[in-house]
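The form predicted on its own is given below as one chain in structure tokens.
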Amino acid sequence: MKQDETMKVKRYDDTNVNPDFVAERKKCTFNIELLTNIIDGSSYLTETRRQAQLAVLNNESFSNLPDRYYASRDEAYAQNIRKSAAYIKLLKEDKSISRAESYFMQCLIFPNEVPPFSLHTTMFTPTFESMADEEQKKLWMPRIENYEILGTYIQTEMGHGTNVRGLETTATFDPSTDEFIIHSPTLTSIKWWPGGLGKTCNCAIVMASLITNGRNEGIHPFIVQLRDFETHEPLKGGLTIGDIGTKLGFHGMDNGFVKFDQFRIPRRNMLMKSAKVTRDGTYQKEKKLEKLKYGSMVFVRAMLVFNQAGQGLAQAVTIAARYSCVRRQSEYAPGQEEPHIIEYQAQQHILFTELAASYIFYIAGNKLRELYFTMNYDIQKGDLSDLPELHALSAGLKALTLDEAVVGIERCRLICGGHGYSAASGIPKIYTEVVAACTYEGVHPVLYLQTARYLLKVYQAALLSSSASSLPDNQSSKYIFRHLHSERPRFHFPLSFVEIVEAFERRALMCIEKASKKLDGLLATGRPHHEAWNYSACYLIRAAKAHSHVYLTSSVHEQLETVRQEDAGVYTVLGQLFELYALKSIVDHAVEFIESCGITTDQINICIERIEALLLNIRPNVLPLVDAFDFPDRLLGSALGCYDGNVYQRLYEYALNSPLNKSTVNVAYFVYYIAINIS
């Protein structure tokens, strides 16, 4: 990205910092910059992010925008289109902008929002690149990369979501015209929800059942033009397209619907890297590449752990922590000044455990992201051996981290009291974005069951072999082989970091064993497999959650071993957060740990006492720990969470800017209320 030497605007205001914040930041015992580098993934990525953010903050196209919290639905969409156009113009003018830089810019241009073109970059383009053949790439990619084609990804239907095989939309080949006929045969088959579909995108990748020579060959991707490239009007000949209406959040996003009525597209609009239909209607496929179509979905799920669970929770924690260091409430002792609410243990327990979780999700998300890129390199070469592992891991982690994150964000809102309910806190907007991620790319019970299915296969393999030597080093389930045929160790309290990881592994193994026995027991009674699987679901989900916890704890433990050699201060605070997250999980799932690890109730009480000690240890560093997230004020969009800590001034300014305050008496008062008295 080209550097602008005239950049003046800073990422946050540090000119008039609240004295309470100055005092808090002086307590720091670690290298904030090193911890920021760990969160970002490297010092290079930290610097890249900061430069990208400064470029946005100093670009007039993204300045002096209307208040995001007072915009109507139409205004929110118009603002997003305005920003989208400016952003795309910037990308076209500066070809040196990398993918990482464009991602960081997008996050700040659209803070806690999803831009109308988001699926163009996250789903449409990656799916096309991985599923189109070379001839199709030459034809389409220049226009896709230049944003002449603005695409979305259309899979979900009004009546079908996670179950891809159940999709009803058909693509029937007509050999007389060399075309596919895309059709929505029922009301429930109307495509529903895709972002950017309602008003923005002119093309889409549509997932539909391919029918040729009277045979249904399963779900395949097709690139479909939806709107005229000149007028942007929907194409004629069998399209009904529009916006699905107001949602819980995403007010600036045109989630849409499309009903196909015998809509025709050329045969070569079927993406043909892994399968194709010839001119005479013959269907051909490469089994080796058949599962490539799931790659984009796995990618998005892997990114959600870092981008939504980690960053979303970290933003809410930052706001709640900064507010807690300003807000004073109640007499701690008679005659004394009201203390900051951060000093109350009840506040600390909620805030610090969510702070710990956000760090865990960030670090594990980084590792999962790196694992995806490593495995995807082999997958794109045709080696699909890692795909089941990556699919199971991303599904379980997406579900677990987002489940915990949305609960954590709401807890952060609650501990901010009444001001947390105000949109000015920024937390409601964060919540509506993250809670949406709990639904798209797979509802969580289904994802947990997908992970469990993989775990049972690994468990069955482990029963037949005591060695995990055939598994690659990055296989997250190696612990099943390692512990299945070994004696349970005696755990010592307080637990060491190594013991914590093993305790989580043994708990997961026990949950997997129980799920397997439950399923086998039902099958032994003569129940069909689908019924036995359904009535084992609670056991299977517990196993998937426990396995996902193993990956979280082992990822952070690996990071700690690296940090140990670099900086004692960072190692200490990161270790405290790791221990706090782990011990809270042990206490929350005490029955499972008691049964799997031989832990006693007295030792669970030791964990509770250790948690209380960790709250005291973490307390001096709480503000520096959220500063290490390095969020610009504009990203947070919060009167409570700004870097300078001037909470009450910003709340007052927010209230003064309310559209209702443009007049001293609202006209509705005279039209309706006074009319009652006059009559």
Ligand SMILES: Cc1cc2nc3c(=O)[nH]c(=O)nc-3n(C[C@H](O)[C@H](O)[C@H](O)COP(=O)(O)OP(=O)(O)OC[C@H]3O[C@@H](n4cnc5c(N)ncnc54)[C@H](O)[C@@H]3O)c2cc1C
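Please read these numbers as outputs of a predicted model, since none were measured by experiment. Residue indices: 1-based, along the sequence shown.
What comes next is about the form predicted in complex with the named molecule, which is not displayed.
Q: May I ask you to choose, among Gln225, Gln347, Ser422, Thr162, the residue with a heavy atom within 4.5 Å of the named molecule in the model of the complex?
A: Spelling it out, the residue with a heavy atom inside the cut-off is Thr162.
Q: Ok, Phe180, Tyr448, Tyr581, Tyr153: which has a heavy atom sitting within 4.5 Å of the named molecule in the model of the complex?
A: Among Phe180, Tyr448, Tyr581, Tyr153, a heavy atom within 4.5 Å of the named molecule in the model of the complex occurs only for Tyr153.
Q: Only one of these stretches, 581-589, 438-446, 563-571, 272-280, has heavy atoms within 4.5 Å of the named molecule in the model of the complex; which one is it?
A: The contacting stretch is 438-446.
Q: If we define contact as a non-hydrogen atom of the residue within 4.5 angstroms of the partner, is Gly396 a contact of the named molecule in the model of the complex?
A: No, Gly396 is distant from the partner.
Q: Quick one: does Trp140 come within 4.5 Å of the named molecule in the model of the complex, counting heavy atoms only?
A: Close contact is absent here: in the model of the complex, Trp140 is far from the named molecule, nothing within 4.5 Å, heavy atoms only.
Q: Does Gly408 reach the named molecule in the model of the complex, with heavy atoms at most 4.5 Å apart?
A: Output for Gly408 is no: heavy atoms all beyond 4.5 Å of the named molecule.
Q: With the cut-off set at 4.5 Å between non-hydrogen atoms, does Gly195 touch the named molecule in the model of the complex?
A: Output for Gly195 is yes: heavy atoms within 4.5 Å of the named molecule.
Q: Would you give me the residues of 238-252 that have any heavy atom within 4.5 Å of the named molecule in the model of the complex, in order from first to last?
A: Going through 238-252 in order - heavy atoms within 4.5 Å of the named molecule in the model of the complex - there is one hit, Phe250.
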